[in-house]
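We begin with a single chain expressed as structure tokens, specifically the form predicted on its own.
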Amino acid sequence: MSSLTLNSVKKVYPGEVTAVYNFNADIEDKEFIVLVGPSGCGKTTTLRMIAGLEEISDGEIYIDDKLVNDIPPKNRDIAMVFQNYALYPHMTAFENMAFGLKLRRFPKNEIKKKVHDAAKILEIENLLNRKPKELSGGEKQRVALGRAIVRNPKVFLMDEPLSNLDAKLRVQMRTEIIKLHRKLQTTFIYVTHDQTEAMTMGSRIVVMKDGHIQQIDTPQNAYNNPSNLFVASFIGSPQINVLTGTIIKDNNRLYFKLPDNTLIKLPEDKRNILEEQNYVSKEVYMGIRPECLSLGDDNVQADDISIVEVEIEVKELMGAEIYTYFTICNEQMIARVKSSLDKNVGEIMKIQIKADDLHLFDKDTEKTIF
């Protein structure tokens, strides 16, 4: 077992600077949890408090139901993989991986077996005699992972381990870490600012902003059902489109009315929510993801589809898709359309907006309405 519990964990630095507020999370045995958010949101500080490298100001941290607040890092049975690899330059890959075991006075034959077993998992057996300067970025990261694996810890902590790699290698290593988690069947806690890493790697993600947890959920649910405008904007690439408008009622139908008087149909099954919470005649934010915008047609008569006419300003060919940029009511928007539906810059395009694809957010609290 290697479960982890954080109860109301808080970190305040000198000068009353609070980095993490009231962090609560129950992490199950063998889970892959990703802490994600912009720089300065408190995710690395949280990881360092779990590791014992940062003293907590308030709250409790339990590993396997054991309070570890006052237990030093070396006795917490965790392993941490850092962003900069933290390899000793004068040691070979083998010596780097074996170093922690030597300090714990493991027998030489056991050290050799553990290092070679880890190297086999990571496919770096042929690199064990090389020093860090002879290794590529990806190879250094594998050695750093190997150093953690040989200890067979209860929990792996990873602090943006792929951020120094190029884009192609980052994708490759992402896959390797997912495979590694499946092989080792150990609890992983992973920190990143990259929402793509969070979405593809985590069994659950913890979205953070300004030291506060915004949402703890599966990646898919955070994407489909964001708790607020920040989560909706942070999760998903390209970012969700956001417009400001007013909820109005016309001919017994609810619409989202833009400043230029364009009306966008709202889903009929959400009428009760909007009426009961007094949103009719109020200003709200509307969000719609780029992949939910499709090319429209003058002849579309569907009761749940609205057509908005726009002028193409910029387009980016992404292979099978084209990112198409345009403006609605002075707000920059983007649609992901198939490359077979290519149109030229300056052309007028009819955008189809389906009512069920919309998200609405309270303008004051930015919390999700639906």
Partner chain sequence: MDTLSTINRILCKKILLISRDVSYAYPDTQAIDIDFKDLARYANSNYRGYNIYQISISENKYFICIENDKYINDKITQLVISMIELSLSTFEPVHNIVYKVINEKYTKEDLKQFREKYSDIIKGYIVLIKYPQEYKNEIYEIIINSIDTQLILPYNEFFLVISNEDNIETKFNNISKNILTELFYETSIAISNKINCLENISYNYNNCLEVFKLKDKFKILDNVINYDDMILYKIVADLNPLIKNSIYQKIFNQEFNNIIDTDIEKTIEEFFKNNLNLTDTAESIFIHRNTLLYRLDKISTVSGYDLRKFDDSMIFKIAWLIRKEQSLPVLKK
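Numbering follows the first chain given and starts at 1. Between two forms, the rigid core is defined as the largest C-alpha subset superposing within 1.5 Å. All values reported here derive from a predicted model rather than from experimental measurement.
Below, we refer to the form predicted together with the partner chain, which is not included among the displayed structures.
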Looking at Arg104, Lys112, Lys120, Lys249 here, can you tell me which has any non-hydrogen atom within 4.5 angstroms of the partner chain in the model of the complex? Arg104
In the model of the complex, the residue from Ile178, Ala86, Ile71, Leu295 with a non-hydrogen atom within 4.5 Å of the partner chain is Ala86
Residues Tyr223, Tyr279 and Glu321 are flagged as a possible site; in the model of the complex, is every one of them within 4.5 Å of the partner chain by some non-hydrogen atom? no
Test of understanding: in the model of the complex, would Asp217 fall inside 4.5 Å of the partner chain by heavy atoms? no
Check whether Gly236 has any heavy atom within 4.5 Å of a heavy atom of the partner chain in the model of the complex, and answer yes or no. no
Taking heavy atoms only, is Gly346 within 4.5 angstroms of the partner chain in the model of the complex? no
Glu275 near the partner chain in the model of the complex, any heavy atom under 4.5 Å? no
In contact with the partner chain in the model of the complex (heavy atoms, 4.5 Å), from 251 to 259, 182 to 190, 144 to 152, 112 to 120, is stretch 144 to 152
Checked 66 to 101 against the partner chain in the model of the complex; residues with a heavy atom within 4.5 Å, sequence order, are Pro73, Lys74, Ile78, Ala79, Met80, Phe82, Asn84, Ala86, Tyr88, Pro89, His90, Met91, Phe99, Gly100
Would you say Arg182 moves its Cα by 2 Å or more between this form and the one not shown, aligning on the core? no
So with the core overlaid, does the Cα of Pro153 end up 2 Å or more away between this form and the one not shown? no
Using the rigid core as the reference frame, would you say Lys131 shifts its C-alpha by 2 Å or more between this form and the one not shown? yes
